[in-house]
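The same protein chain appears twice below, in two forms, each given on its own as structure tokens and labelled structure 1 and structure 2.
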Structure 1
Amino acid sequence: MRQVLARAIGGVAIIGLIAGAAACNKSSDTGGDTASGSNCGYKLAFFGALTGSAANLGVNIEQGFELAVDQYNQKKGSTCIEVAKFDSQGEASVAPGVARNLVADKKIIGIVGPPFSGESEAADPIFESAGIPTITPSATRTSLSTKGWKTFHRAVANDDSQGPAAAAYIKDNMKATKVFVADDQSAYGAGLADVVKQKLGPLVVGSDKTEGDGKQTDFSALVQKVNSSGATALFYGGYYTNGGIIRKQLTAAGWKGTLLGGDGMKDPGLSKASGNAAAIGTVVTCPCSPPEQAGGTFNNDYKTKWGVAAGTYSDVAFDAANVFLQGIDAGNTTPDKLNTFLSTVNYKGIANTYKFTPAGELDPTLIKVWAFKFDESGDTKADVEIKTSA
């Protein structure tokens, strides 16, 4: 009986494999036939979360990317470049398998993604060994550019840019003279808080550390320290989960100052915990431009095609795709040539101008960091672009 069962399961698995392989072949065979004109018949891929809890950001990026390719094809009058979508679910554990499927398709010569740092660490080595250039519109972990990957490119500023920007905002925009700095002891939060502390120097009147998300909910000691330090601003290096509780307990204890944080706190989850009223005025920095700032007809085109307004990083993804398309148009139709093209590119897009350092980072003069503020709706609105005096 057991043998029969094993055979049955094995048989089903084999059929599944064959069907899967056939499906793959089918998808990679099209495209070439419909393409016409020079430098056509290739594919650009999106790699990132299309389903799962992190899908919002992934879909923003994919739609921006697909819009750029569509517009290019319309201009060419044919399906010159095809879009291939690979759903990583945003999970570092899922990403490698999906990445191997991607590199098996030899028509793919460029990738927009992966959106998150964790999945980037898992999938980028596979793209590197296949030699396919990637441009991530949103993965900001600093260490990604220090792994020696030649195919890695980042179209936004990394985490290192946020600390100086937050400090500049506190000093120049808020003109605060007494600042309290705290963090959640995570690599992201502590790194951010340390830079802010260092840049603000004598303006820092006190500092503290909390436990990470879910490990501490009573912040009365921190609240007391902030209150008695006389600080008018609290910079918290951490995520929105703790940020929301801290904001609520600060308000309950009668503190009237401003809470600031990095993009880890740029989430409506913060105001869901604290209540919208308490969250008003909370400032978060983000190495992203507000989508409504994008130039050209992008916002209208996006709305027309997808029926929703462009989201965070949609514009950067649109630009990233256009960088690739410009390279392909110039005859760089192999992954190698396209990667070489990226090292010399100087492309002015709708969100920014793109020029990469040898490590694949955005040229330091092009980095943009914006401050966002929570408003009465419980969400963030763009405040100002932060000018960092280097």
Structure 2
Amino acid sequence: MRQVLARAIGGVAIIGLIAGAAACNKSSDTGGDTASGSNCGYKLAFFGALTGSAANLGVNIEQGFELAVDQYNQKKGSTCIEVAKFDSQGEASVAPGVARNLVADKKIIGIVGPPFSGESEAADPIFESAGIPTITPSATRTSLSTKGWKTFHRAVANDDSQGPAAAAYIKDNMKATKVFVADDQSAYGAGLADVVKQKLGPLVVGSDKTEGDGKQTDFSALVQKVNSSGATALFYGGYYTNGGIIRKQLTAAGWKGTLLGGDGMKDPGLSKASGNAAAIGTVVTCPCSPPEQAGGTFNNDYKTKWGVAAGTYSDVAFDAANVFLQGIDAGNTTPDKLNTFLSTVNYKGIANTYKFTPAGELDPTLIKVWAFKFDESGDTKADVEIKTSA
């Protein structure tokens, strides 16, 4: 697990108020980056996993978010916008209580998060009731935008894009004819795996369920099923810790096929769990661009502040924070006004351009999905941008 996890602050509900900062991205469509002092004194919140089995992904996102606010405040020469951090542990069972703590703080006018689909299903109704707008940089379950939530916004493609793209990669790039599909029964993992199964159709020779991250360490039953099926590819809907253990146990059992997964497995924590040698060649899809391709000085700025390279969705979170900051700069200093601003925003960030449909989805013309492969370093490298339909 990266050094970033060591910086995660423990606790079920961390409401750390950190002098944050950040000027609106210079590439925004307004072209301006000077705010009026009258628009200060508010808070933006990060809501997501800072501790727990999937904390690496949450910390990546929080640090991109915090970097944006930090830069905003540096340009203003003061602590204009404060950062509030809330640790959901990525757990749907924990998220509601943490969400209620968040909405009690009336200075919070926007939220970056939640990162995961299960916690989003649990917490977003509370944010909707309070009228506080959210931008999730990474929650991909398709149904999140069908709840009628007016405060929900998604800065990446959903599983209806990622799932078909993963299936297309398996069929067109790998030329696999026998595929096993499994998932961790989470809102995210099961949703993604279901789409992949549907798109692969008769190529699927078997399927199975596991427990979620941190709840299961023996996957021998799954390994035996995969081996017996004759599959040359296993798609796993779940997160990086489970994915790594499964890869380790498949290798130990002599399986020579390719493990694939979605963005929840795109983290060095997978290779830590499996061992670097076993992880090599594992493929993960992500509705994101390679972070090293982010525009401007983002990658240098991130490494300077945090001491590590930007991770999965760090750049999207940076953009999401700057979308909010642009709205605040324009005088939208209530949750309701900021939510209205998001309905018409057209923001060019360092990772993508952001426009939202009335349901809060990213504009379909802006969707992208990439495939990444684990290499000998234990991290992922960009492989190919893939189609969003199979």
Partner chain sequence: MNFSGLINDFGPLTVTGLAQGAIIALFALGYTLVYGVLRLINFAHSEVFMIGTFACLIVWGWFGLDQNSAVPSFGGMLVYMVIGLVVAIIASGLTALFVELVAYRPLRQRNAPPLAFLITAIGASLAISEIVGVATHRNQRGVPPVISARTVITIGDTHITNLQILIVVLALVMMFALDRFINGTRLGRGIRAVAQNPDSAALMGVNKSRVISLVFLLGGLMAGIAAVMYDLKIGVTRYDAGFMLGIDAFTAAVLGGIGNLRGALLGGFLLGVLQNYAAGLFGSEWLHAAAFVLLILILLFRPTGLLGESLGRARA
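Everything numeric in this text was worked out from a predicted model, so none of it was measured. Here, residue number means position along structure 1's sequence, counting from 1. By rigid core we mean the largest C-alpha set that fits within 1.5 Å across both forms.
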These are two forms of one chain. I'd like to know which is the form predicted on its own.
2
Is residue 213 in the same rigid part as residue 375 between structures 1 and 2?
yes
Per C-alpha superposition, the smaller rigid part rotates against the larger one between structures 1 and 2 by an angle in degrees of 26
After fitting the core, how far does the CA of residue 228 move between structures 1 and 2, in Å?
14.1
Shift in Å of the residue 163 Cα between structures 1 and 2 [rigid core superposition]:
3.8
